[in-house]
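A lone chain, given as structure tokens: the form predicted alone.
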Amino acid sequence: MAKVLVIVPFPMDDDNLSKRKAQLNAVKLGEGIEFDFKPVRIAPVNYVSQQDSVLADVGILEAGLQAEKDGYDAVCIDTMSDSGMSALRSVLDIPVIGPGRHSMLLALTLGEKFSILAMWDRWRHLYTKTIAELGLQHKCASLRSAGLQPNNQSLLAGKEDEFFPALYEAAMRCIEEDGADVIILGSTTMHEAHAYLAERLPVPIINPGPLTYRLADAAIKLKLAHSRISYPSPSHVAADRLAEMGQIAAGL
């Protein structure tokens, strides 16, 4: 049985964690693989500044540092920011997959230009960073926000009647005004809107969280992982210091 660790980028209770686990319903992987969802202990309130990005990297690194020793065969990161992905790749030999860059690369196998559909403008810096790293500025038709306040705990629950049509309207502007032929959901917190949008939009729309589960399954079966040339191992893994930081953050 292959095991995949999904790192959830915020501390949360079991009820809110179940809303993250619901992403598994969007992809059928069959028998032989299981997924464990683990919230981080160190995290910002939201991902709206460079300070937040540093905290996110540290928190996800701390949460996934022992994944290989704990018997996991791959790690998925449950945030479009890909926070902690590079750091974890430097210390783990198993595949570490972030949805941000992989969604963009998949989009270019489905069309010529993609747009990222976000909840609000304050996430924009997360996407521009990855787009710049991949050199895909000329392939990104737009970054559009629906102007909605996200909730990283309860997600879209109870707001479907307001949020889903607003997201649809913004997505159609990406297509009709910006020239996108593929849409990417800008956050895994938006996964509950995917089915609604996929039924109504005239172009493919990528659901980033389930995509990472499929890619993890493929990487495990193909025995592939990241390159050590691109992600060299550190001279010393700061496991003890990170664990202490996690205990302090959790109030232990």
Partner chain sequence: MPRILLLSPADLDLPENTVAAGLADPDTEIVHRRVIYPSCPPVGAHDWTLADLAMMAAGQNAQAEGFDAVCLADFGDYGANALRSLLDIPVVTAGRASMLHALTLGASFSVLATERDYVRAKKIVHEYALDAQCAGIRLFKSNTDLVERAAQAEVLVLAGATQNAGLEALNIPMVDPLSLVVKLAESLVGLSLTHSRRAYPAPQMRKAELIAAISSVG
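Residue numbers count along the first chain shown, from 1. Bear in mind that the values here come from a model prediction, so they are computed numbers and not experimental data.
Form predicted in complex with its partner chain: not shown, discussed below.
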Which of 73-81, 141-149, 158-166, 109-117 has heavy atoms within 4.5 Å of its partner chain in the model of the complex?
-> 109-117
Is there a non-hydrogen atom of Val91 within 4.5 angstroms of a non-hydrogen atom of its partner chain in the model of the complex?
-> no
Would you check, heavy atoms only and a 4.5 Å threshold, whether Ser227 touches its partner chain in the model of the complex?
-> yes
Taking heavy atoms and a 4.5 Å cut-off, does Arg214 contact its partner chain in the model of the complex?
-> yes
Quick one: does Val48 come within 4.5 Å of its partner chain in the model of the complex, counting heavy atoms only?
-> no
Quick one: name the residues from 200-225 with any non-hydrogen atom within 4.5 angstroms of its partner chain in the model of the complex.
-> Pro202, Val203, Pro204, Ile205, Ile206, Pro210, Leu211, Arg214, Leu215, Asp217, Ala218, Lys221, Leu222, Leu224, Ala225
